[in-house]
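Heads up, the chain below is alone and in the form predicted alone; it's given as structure tokens.
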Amino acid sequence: MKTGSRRMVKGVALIAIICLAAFGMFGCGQGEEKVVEKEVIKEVVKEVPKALEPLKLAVAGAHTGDLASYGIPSVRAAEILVEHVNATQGGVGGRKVILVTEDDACKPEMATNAATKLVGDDVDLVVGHICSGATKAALGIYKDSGIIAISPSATNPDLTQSGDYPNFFRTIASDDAQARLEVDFALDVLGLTKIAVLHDKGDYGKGLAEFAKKFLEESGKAEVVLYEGITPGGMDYSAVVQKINRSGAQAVIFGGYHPEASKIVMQMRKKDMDTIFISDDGVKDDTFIKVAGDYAEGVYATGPKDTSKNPLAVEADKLHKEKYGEDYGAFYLNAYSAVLALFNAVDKSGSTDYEAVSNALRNEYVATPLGIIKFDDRGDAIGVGFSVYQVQNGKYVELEG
């Protein structure tokens, strides 16, 4: 894999230089000999044992654009923990940690470029990506290079359940669990019988919507009166809002992100539609409330369980406020836990090699802000789940399950 091939290249280069030096000593003039000797020394110095090289941790995700509020918290979680381990432990496994970041703006084509660049930079481990579509686009590149990636937020079920990406792990539950929670809440708590299901046509939003539609139809308790995809980035969703109104839906279950959700909700409310709006962790972000304003009141969204009272979460919150002077954002605790899991796996296995780190992630428990976790055979964190939240008085409030 990448480590072995890289070191083989160095070894061949070293032998070649030594041979060249030997040839030079007998075949060159005195001035040329010194030049060759310097080249030999330079190559020998390059041949640093892997155990002494810095450990490169990459964080990839949306660092710009509409979804940056999901990606920046992961960068900050990594910055805090990298600074901490370098200052207090001299790094991880005896190696200083270097942080590398790449922005994909949650776009699959940019994620491919970001992953290719990170492989070229010879990173050892990746935290990311943030969105499911971008994650899927990047994972094959990491797999071919023997690099492990842990996402704090990519929830598409196939990322782990397909078995296509054994190098992928995540510190968030998958969308089938999230869709099940939304459907059970709509049917059993709210008692709804007519529901419209919308999605943004992406891997994440459409995947979640398909599960919601399936669970609704299997329940026999409610009718899916509208199932439709919208085009992300649109300014006017009045056509689909009109369809919702005509369908007689009591509620909308939407799979997608906050930019589209906020526009749909605002247009529904401006038409005096009181249709209940239920969405996902792509909407359970304060940015949705800031954009939708008063129209956000009453919206339901699923998101990671509130573990903010966990002592490690309290510590992570404190460190964030000390460094950045503000509250952390979406998926910060999930990213913080991902970095802790990776560092623990490297420390316990004494290596950054793929097999060693994979085995440690699956077999070694680690204390995180999400609880004490390890990963199952598919790569999902055991014991991590979702809750239902509602916007009440301008903020998301976790509802009792």
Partner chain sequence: MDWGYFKELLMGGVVKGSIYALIALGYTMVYGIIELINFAHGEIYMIGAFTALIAAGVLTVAGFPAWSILILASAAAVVWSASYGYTVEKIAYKPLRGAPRLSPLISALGMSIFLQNYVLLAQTSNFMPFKNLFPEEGFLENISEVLSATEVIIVFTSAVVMILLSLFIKYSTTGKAMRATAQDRNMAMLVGVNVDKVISATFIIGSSLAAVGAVLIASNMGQINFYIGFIVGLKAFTAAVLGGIGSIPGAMLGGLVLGCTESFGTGYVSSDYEDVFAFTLLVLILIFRPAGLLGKSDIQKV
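Positions refer to the first chain, counted from 1. No experiment lies behind these values; they were computed from the predicted model shown. Definition used throughout: the rigid core is the maximal C-alpha set that superposes within 1.5 Å between two forms.
Missing here is the form predicted together with the partner chain; even so, the following discussion is about that form.
Of the candidate stretches 148 to 156, 124 to 132, 233 to 241, 177 to 185, only 233 to 241 has residues whose heavy atoms lie within 4.5 Å of the partner chain in the predicted bound form. Among heavy atoms of L312, none comes within 4.5 Å of the partner chain in the predicted bound form. Among heavy atoms of E223, none comes within 4.5 Å of the partner chain in the predicted bound form. Proximity of K263 to the partner chain in the predicted bound form: non-hydrogen atoms within 4.5 Å are present. Looking at P259, you'd find a heavy atom of it within 4.5 angstroms of the partner chain in the predicted bound form. With the partner removed from view, the residue among Q267, T275, T112, T101 that has a non-hydrogen atom within 4.5 Å of the partner chain in the predicted bound form turns out to be Q267.
Exactly one listed residue, out of V291, A105, V119, I80, brings a non-hydrogen atom to within 4.5 Å of the partner chain in the predicted bound form: V291.
For a residue to qualify, one of its non-hydrogen atoms must sit within 4.5 Å of the partner chain in the predicted bound form; all three of G229, K271 and T287 qualify. With a cut-off of 2 Å and the rigid core superposed, V85 has a Cα displacement that falls short of the cut-off between this form and the one not shown. A movement of the C-alpha atom of I244 reaching 2 angstroms or beyond is seen between this form and the one not shown when the two forms are aligned on their rigid core.
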